[in-house]
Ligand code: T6T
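One chain comes next, on its own, written as structure tokens: the form predicted alone.
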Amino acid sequence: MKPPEKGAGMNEGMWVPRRITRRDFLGLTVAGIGVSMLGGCGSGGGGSSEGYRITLIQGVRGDEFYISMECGAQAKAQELGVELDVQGPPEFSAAEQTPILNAAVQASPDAILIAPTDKVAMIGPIQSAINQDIAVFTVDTFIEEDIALANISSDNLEGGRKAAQALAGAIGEEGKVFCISVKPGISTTDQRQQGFEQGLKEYPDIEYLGTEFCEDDPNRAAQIANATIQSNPDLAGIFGANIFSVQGAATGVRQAGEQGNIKIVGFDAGPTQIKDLREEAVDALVAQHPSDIGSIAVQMAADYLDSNEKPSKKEVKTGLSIVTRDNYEKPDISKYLYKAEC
């Protein structure tokens, strides 16, 4: 059933809403309007999903991972007739993201899809949105409290293990390696680090030097890489746990004159990472499927708003692809390379 047009008002003394949403349900039932007006599940596209307003709040704006997620979300929103608003903070921080979330809540969307920038600090702001009867789904990252309707993300533990396998293969399964990540407290990169450390346990001849944090700054990551190389001239490999970490690692290795000698495996596959891969500054990339995350999240939100039924799965995992110089141009891999714009 297509919802009434915006501006529909009084009809013989009864209020008729612009669209029937989850938040209208109780009031409509009291008014004697049948539950059947809510329509069926919108998994087939279009239909009763038309007219919903959904807000996607990225972890940081301008990041090719989140741009690619936006592309998938926008494509699905257009298919379903959903209005999608996309926002993001200038930095990956709870202090920057919280006011954006608060402002989005004031606009009263039907659903919010958010990549929390801190798994603890964003609990309160997300709970405030839920308290306003807004459906909240987390995408990519998550929070420690089980309050969102579902989380749609990559399997970051498995991604970390895959990175360990790829780096081990690149260095002949022996030598010193370390990890550059963003900062502690981010669910995704915490899990990638954990998976990487788990994976390295399979290689007794690899010495793990630990993890250092770049605060999502590629210049800082380059400084860390350069300093570690200077203190460990026999360093064999580096794992960069996100776009800016691997970008900085590649820069630091070049600056130290060790390109080709020190192997680098990175998480994410933006244009800069693919350039570094082609130029042999990076040896392998673990590509997430962010477009799929955005598309699935919009579909799940629309389905929930249509049916008022909670998702059957609290965690939905999307795929990962290992990108190398041998396969990055192949169609089944190139479709997962991140975009700088939709």
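Heads up: residue numbers just count along the shown sequence, starting at 1. Owing to the predicted nature of the structure, the values given are computational and were not obtained by experimental measurement.
Here the subject shifts to the form predicted together with this ligand, a form of this protein not shown in this document.
### Query
Do residue 65 and this ligand share at least one heavy atom pair within 4.5 Å in the predicted bound form?
Taking the distances in the predicted bound form, the answer for residue 65 is yes, it comes within 4.5 Å of this ligand.
### Proximity of residue 138 to this ligand in the predicted bound form, heavy atoms at 4.5 Å
Contact with this ligand, no.
### Message
Residue-level question: is residue 243 within 4.5 Å of this ligand in the predicted bound form, judged on heavy atoms?
### Response
Although this ligand is absent here, residue 243 would touch it in the predicted bound form, with heavy atoms inside 4.5 Å.
### Message
Residue-level question: is residue 188 within 4.5 Å of this ligand in the predicted bound form, judged on heavy atoms?
### Response
Heavy-atom contact with this ligand at 4.5 Å: present for residue 188.
### Query
Does every residue of 92, 268 and 288 put a non-hydrogen atom within 4.5 angstroms of this ligand in the predicted bound form?
Every residue of the candidate spot has a heavy atom within 4.5 Å of this ligand in the predicted bound form.
### Query
Since the chain is shown here on its own, which stretch among 171 to 179, 188 to 196, 255 to 263, 104 to 112 would lie within 4.5 Å of this ligand in the predicted bound form, judged by heavy atoms?
Going by heavy atoms within 4.5 Å, the stretch is 188 to 196.
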